[in-house]
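Only one chain is included here, represented as C-alpha cells and corresponding to the form predicted on its own.
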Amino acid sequence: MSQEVASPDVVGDELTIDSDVHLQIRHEDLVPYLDEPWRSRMKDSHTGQQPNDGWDRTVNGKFLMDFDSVQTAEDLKHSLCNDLGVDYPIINTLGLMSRNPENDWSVALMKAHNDFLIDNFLDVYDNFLGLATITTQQPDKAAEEIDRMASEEDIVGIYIHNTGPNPPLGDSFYDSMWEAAEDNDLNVAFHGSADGFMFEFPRQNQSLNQFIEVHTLAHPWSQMLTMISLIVEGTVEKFPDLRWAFLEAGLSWVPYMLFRLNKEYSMRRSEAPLLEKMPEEYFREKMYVASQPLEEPMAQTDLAKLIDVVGTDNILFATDYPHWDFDNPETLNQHLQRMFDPEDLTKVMTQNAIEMFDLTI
C-alpha cells in the first residue's frame, strides 16, 4: 500500500522531476526475489551480481561510499525528497547485468531487480516512479520482461546499461526488444558506467593508469556509441514512437558527435539508407540528455552557450543521487535560474521529463 504525499517539496518555484536516481541493492536483499539455482548462488557464493573491475572509486578512502543510509524507501524519501527538494524521483536499480557473460544469470537478476524495486520503493510512496531494468543479451527475454513490467503503473520507462552490450544497441539483433518497448509505450533510458569499461573498451581499460581517466571517458563514449548506432542503423525510423534518454554523461559530447555525424551523413548517405532526416533532427525530435554531471568550464558563459546549443527542449534534470559525484538539485537549480528564463527552466526541471516518460503529474 503506497503512502500519500501530503505536499510535494519544491526547489525554487519548480516542480522537480529527477530522471536519474539510483538504488544500491545489497546482494542479500535480492535473495528472496531469485528462484533456484540462482537463489543459492547469490546466497552462498562470492561472485556477486557482476565482475569487479578493480578500479578505486574512493580516491584511497577520501570519498565514502555510504549507501547504508539510503537502503529503504523511507531513507530515500527523507534524504532526496525532504532534504534536497526533489518532488518525483525516477528510480533505477543501476542494474549492470548487461555486461555479464552468463545470459540466464543476467535474466534472473533483471527480474529480481524489478520486483525488488516495485515491492520496496514504488509501492511505498505515490511520488516514487521507476524504470524497469532490462538486460540485453537475449532480446526475446528482454521483450518478455518489458511486457511483464508494462502493467505496473509506476514503471514509466525502461533502463538499459549501455557500457558493454555487444553488438551496439542499434543493431537489428535488438529489434524485438524495441518493438516491445514501443508496443507498451515505455520509452528508453540509457546509462553507461565505468564498471563496463573493461568490456566495452578493453585496450583502453588496460592502458589507463587512473580511475579519473576511465570515469571521464566511459560515460560519454558509451552514449556516443549508442546514439550513433541508433541513428545510423535506422532504429529511430523503425520505431518512430520511441523516445530515448541518455543519462549521466553530461551535455558537451552531444554537439561534438551530432555535428560531426551531420557532416559524415552529408557525404555518405548510402551507408545509412533508412534515414530520412539529418542526424541532428532525430536528436531534436526524439532524444533527451540528462543534466548530470553538469560540466564546469572555466568561463561560466561557456556553460550557458553549451546549454543553448544542446537546447532546453532536450535536457532532463537529473542528480545521480546517491552517488559520490551527484549534482545537488538546489545548487543546480540556482545555477540554472541565473542563466534561463522561467519557461526554459520549467522545461528542464519538469516538462521534458513529463514528455519523455509520458507522466500524468
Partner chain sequence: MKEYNIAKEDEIGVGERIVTEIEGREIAVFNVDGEYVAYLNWCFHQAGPCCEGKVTGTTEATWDSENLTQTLTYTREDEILNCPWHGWEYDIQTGECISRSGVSLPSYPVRIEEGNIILSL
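Numbering follows the first chain given and starts at 1. The model shown is predicted, which means the values in this text are computed figures rather than measured ones.
The protein also exists as the form predicted in complex with the partner chain; that form is not presented, and the subsequent description refers to it.
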query: One residue of S40, S69, T47, T331 in contact with the partner chain, assessed in the model of the complex (non-hydrogen atom, 4.5 angstroms); finding: T331
query: Heavy atom within 4.5 Å of the partner chain in the model of the complex - residue from D325, D56, D29, D313; finding: D325
query: Any non-hydrogen atom of E296 within 4.5 angstroms of the partner chain in the model of the complex; finding: yes
query: L84: touches the partner chain in the model of the complex, heavy atom cutoff 4.5 angstroms; finding: yes
query: Answer range among 31-39, 61-69, 304-312, 48-56 for contact with the partner chain, defined in the model of the complex as heavy atoms within 4.5 Å; finding: 61-69
